[in-house]
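Below sits a lone chain in structure tokens, taken as the form predicted on its own.
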Amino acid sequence: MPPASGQSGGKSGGELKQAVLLAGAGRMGAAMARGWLRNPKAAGFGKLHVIEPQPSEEVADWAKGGKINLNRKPQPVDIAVLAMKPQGFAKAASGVAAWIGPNTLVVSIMAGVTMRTISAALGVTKVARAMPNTPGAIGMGVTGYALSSKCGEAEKAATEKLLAPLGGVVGPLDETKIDAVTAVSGSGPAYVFLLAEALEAAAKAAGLPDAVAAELARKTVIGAGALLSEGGDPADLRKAVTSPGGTTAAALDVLMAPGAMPELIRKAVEAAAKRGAELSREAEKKS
């Protein structure tokens, strides 16, 4: 991708140092920045520009340490990452537009805000919608993404390089699938954390001391995730630990009963995807 107007286009190690803007450094934006700052060369850019009206102490420390440029004067960038709350995009768009050049690729992680809305608000044609998740802060996330029709191989490569330090990258997908991606992997870590919470509470109710209950619940979830990371099929792994007539089978009879865990997870994903669609309509009304 060619450097944006006003960007130096300097080279380091034979690669273009692209200028990247992160608009919004709240929980998700900061998680992405942590992943990038661990290895900015892998992400494909030099210094990161951040605009955030209420920076956290962590973000302020990055700026003091020279790791980022925080709330500086706008200049056209090669890539602009939109990480503000979707409800705040309409208000923030004019400020972001000052960072947009003729060749800027806009990568949005805002749930429910369509490429059409982004293009109309910022006057851009090259747009990627991506949905990372918070494990990206430690390089163990997964991100699904979609590209607008004006994006080519250069934009695909730039998007994937930007997302790769956060973990796995899935795409490009059709934009109509992004609400489902949001509901499954974007919101998914919260479902797993809830499982750990519920398992800890159940352990306490079964009579285990608080500290023991917390450690058993946490490390069980972590260990099960590590087994999954080895590539095993979830159903096969479940069956492997379930002896007929045993304790696990008794528990699964409850969890897999009609209306229980599988159906609840399906309903949860449906509710999250529906909310994503609602956010799309709300954003379009405001644009």
Ligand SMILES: NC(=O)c1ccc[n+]([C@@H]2O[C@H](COP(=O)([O-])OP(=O)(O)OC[C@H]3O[C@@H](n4cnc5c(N)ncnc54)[C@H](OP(=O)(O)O)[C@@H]3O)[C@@H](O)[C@H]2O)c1
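All values derive from a computational prediction rather than experimental measurement. Residue positions are given as counts along the sequence shown, with the first one as 1.
Keep in mind that the form predicted in complex with the ligand is missing from the display, and what follows is about it.
The single contact residue among 26, 225, 232, 246, judged by any heavy atom lying within 4.5 Å of the ligand in the model of the complex, is 26. Contact annotation: of the candidates 121, 92, 214, 146, the single residue with a non-hydrogen atom within 4.5 angstroms of the ligand in the model of the complex is 92. Highlighted residues 52, 109 and 132: every one comes within 4.5 Å of the ligand in the model of the complex, counting any heavy atom. The candidate stretches are 82 to 90, 201 to 209, 150 to 158, 169 to 177, and the one lying within 4.5 Å of the ligand in the model of the complex by heavy atoms is 82 to 90. Relative to the shown form, the CA atoms of residue 26 and residue 165 are brought 3 Å or more closer together in the model of the complex.
With a change of no less than 3 Å, the CA-CA distance between residue 165 and residue 30 is smaller in the model of the complex than in the form shown.
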